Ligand SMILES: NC(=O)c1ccc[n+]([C@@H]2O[C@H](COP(=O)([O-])OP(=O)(O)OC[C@H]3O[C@@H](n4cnc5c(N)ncnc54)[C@H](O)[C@@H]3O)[C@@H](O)[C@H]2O)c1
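What follows is a single chain, given as structure tokens, in the form predicted alone.
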């Protein structure tokens, strides 16, 4: 996949250490991409606390690590709910690297879980705004830039197993990820004429910092101890393990490359066989 060399990628939600976004950005950089590390940067209210966001300092730290590994990266703080901030991020990216070739919509909220009959409207809005509206806005601005450049591009949405199956306490999350697949398919059909491919990657459970929070939440709800709950995840997986951030990064790198030049509109499961439709 050396054909990624010299291309430029923005990875939203990539400012948290040990997260999926960081792994994607680092692998793209390793394979020759100029990479933009992007996250909201600053805590804003209870839904966007330091516990769950990528801070500016974390973003800078990831950039430093990429550069130490001989990669090329910059950090740009961006709230994916804000169209003007996305537009500015893309403008800065193009000014720095000359183009935008790959947009990875990874920013998301997976830490707001409430029983459906008690689900707060503000909680619903927060999840949909980041997970679905954010992907819409980033895809729209990326497509405009890629169309202007006239050489195509790749948009990759990080969906979820929850884009294919339902989960309790996750009405907004599941709805947003199902919606992301609809967005992927619609955009693939419309943007294909411009050489822009649009695909999604659907991971199952991965124990990142967010994954750890989810493990604790669901084990408490089910009355299980943490290790028993985690073992249950492993036991029902055909490959007998939980996913790794690197598994998702490899799928993204493939879809971003010319090796996937005839693939668009797909929602690729990366789940060890747990999800197969």
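Positions refer to the first chain, counted from 1. These figures come from a predicted structure and were not determined experimentally.
Separately, the form predicted in complex with the ligand exists; it is not shown, and the next lines address it.
- Note on contacts: among 52, 67, 250, 60, the single residue with a heavy atom within 4.5 Å of the ligand in the predicted bound form is 52.
- Contact with the ligand in the predicted bound form, judged by any heavy atom within 4.5 Å, is made by just one of 164, 197, 205, 141: 205.
- Annotation: in the predicted bound form, residues 40, 81 and 109 each come within 4.5 Å of the ligand through at least one heavy atom.
- Contact with the ligand in the predicted bound form, judged as any non-hydrogen atom within 4.5 angstroms, is confined among 148 to 156, 113 to 121, 197 to 205, 184 to 192 to 197 to 205.
- In the predicted bound form, the ligand sits beyond 4.5 Å of every heavy atom of residue 10.
- The ligand in the predicted bound form is not approached by residue 226, whose heavy atoms all lie more than 4.5 angstroms from it.
- Proximity of residue 48 to the ligand in the predicted bound form: non-hydrogen atoms within 4.5 Å are present.
- Remark: residue 173 counts among the residues lining the ligand in the predicted bound form, judged by a heavy atom distance of 4.5 Å or less.
- Contacts to the ligand in the predicted bound form (heavy atom within 4.5 Å) from stretch 126 to 143: 130 only.
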